[in-house]
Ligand code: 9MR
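Okay, here we've got a single chain as structure tokens, the form predicted on its own, with questions on binding and movement later.
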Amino acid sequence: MKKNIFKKSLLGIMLPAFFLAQISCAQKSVKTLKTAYKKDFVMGVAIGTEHILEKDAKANEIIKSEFNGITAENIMKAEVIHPQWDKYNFDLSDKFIELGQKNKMYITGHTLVWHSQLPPFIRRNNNKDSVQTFMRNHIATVAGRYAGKIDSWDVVNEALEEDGTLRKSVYLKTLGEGYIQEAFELAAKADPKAALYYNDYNIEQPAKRKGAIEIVKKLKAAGVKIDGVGIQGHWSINTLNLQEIEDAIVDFSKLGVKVAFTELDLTVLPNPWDMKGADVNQSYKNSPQMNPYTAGMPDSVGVVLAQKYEDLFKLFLKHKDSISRITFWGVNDGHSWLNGFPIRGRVNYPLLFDRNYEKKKAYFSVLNLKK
């Protein structure tokens, strides 16, 4: 009797441990975006201050479980990180790097040279020496501080007009077109190990793509390091052009550089005046016609969004050898910049997670491609 009691007692101890082990194995086998695509490309996400400071537990869990790459949404832009001539603010950027290192993530710095979100002292500066000094000090100090910690930099951001000519920015007006080459040279010197990218929106479209191709060709002809081109991917479910995107992947790949999709989101709302792209200076008035889903996204629209994401990721997988990274521009719909661009106060639904951090149909359309 005593032996039987002992066996029953032993089984009572062992069974829970056995089932716990089974549950643990099952949990480990659950696919997330980063595990499903781990052999294809980095799955990244842009994060804001609340995420860097880990203030939102639900967001933190999604960032860590679903993504293996992070981009700083705003805090590494010049007006934040370099607010005065001789003053830098590294508090948040240091924490951003720490978060990425802690979670063994691919870290992207965004961005070193951009005409927008500049500090006031340089925004309208017409003095060549001043602008050049600013650019040189900024790149050397910021990229130098994180040398060996940043995996890739968006070195120059949005330097092109829609017709493929160079944007008439403060950099072009004061320094001439040579500023792009100098920026890449400075970045390579400050952080030799980081991958260096040119980043822009609409460069999948033929005219602007031609301008981006010229930038890459000129840098390579001069022997300047450039590792990739970032196509932002601010697109619409109503006008998504897969052929142009595929053509761009092929064209850039032929130049010997990688392609990243750096700021992916798909607006479900109508665009005013057939606006395309992500020029942050654009703004329009709100109206019921331009803000139709204030009570929630209709299921029918969610189905279209899911199909468009599925189509995109089928294309990405077709060209996975040419693609280094896919980064979604926001953690969930509530975090997306598209709620305020190009019309303030709108309610948009462009990402894979809804405002409650629940997985949308679009999430499963992307994940299930890797079954």
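The shown structure was predicted, so the numbers you read here are calculated from the model rather than taken from an experiment. Position 1 is the first residue in the sequence shown; the rest follow in order.
From this point on, the text means the form predicted in complex with this ligand, which you will not see here.
Contact with this ligand in the predicted complex, judged by any heavy atom within 4.5 Å, is made by just one of W114, F134, Y146, Y106: W114. Of the residues given (H138, K258, R209, K77), K77 alone sits with a heavy atom within 4.5 Å of this ligand in the predicted complex. Proximity to this ligand in the predicted complex, taken as heavy atoms within 4.5 Å, picks out 151-159 from the listed stretches 151-159, 220-228, 181-189, 86-94. Remark: E73 counts among the residues lining this ligand in the predicted complex, judged by a heavy atom distance of 4.5 Å or less. Put simply, F316 is far from this ligand in the predicted complex: not one heavy atom of it is within 4.5 Å. The shortest heavy atom separation between H234 and this ligand in the predicted complex is within 4.5 Å.
Residue contact check for W337: one or more of its heavy atoms lie within 4.5 Å of this ligand in the predicted complex.
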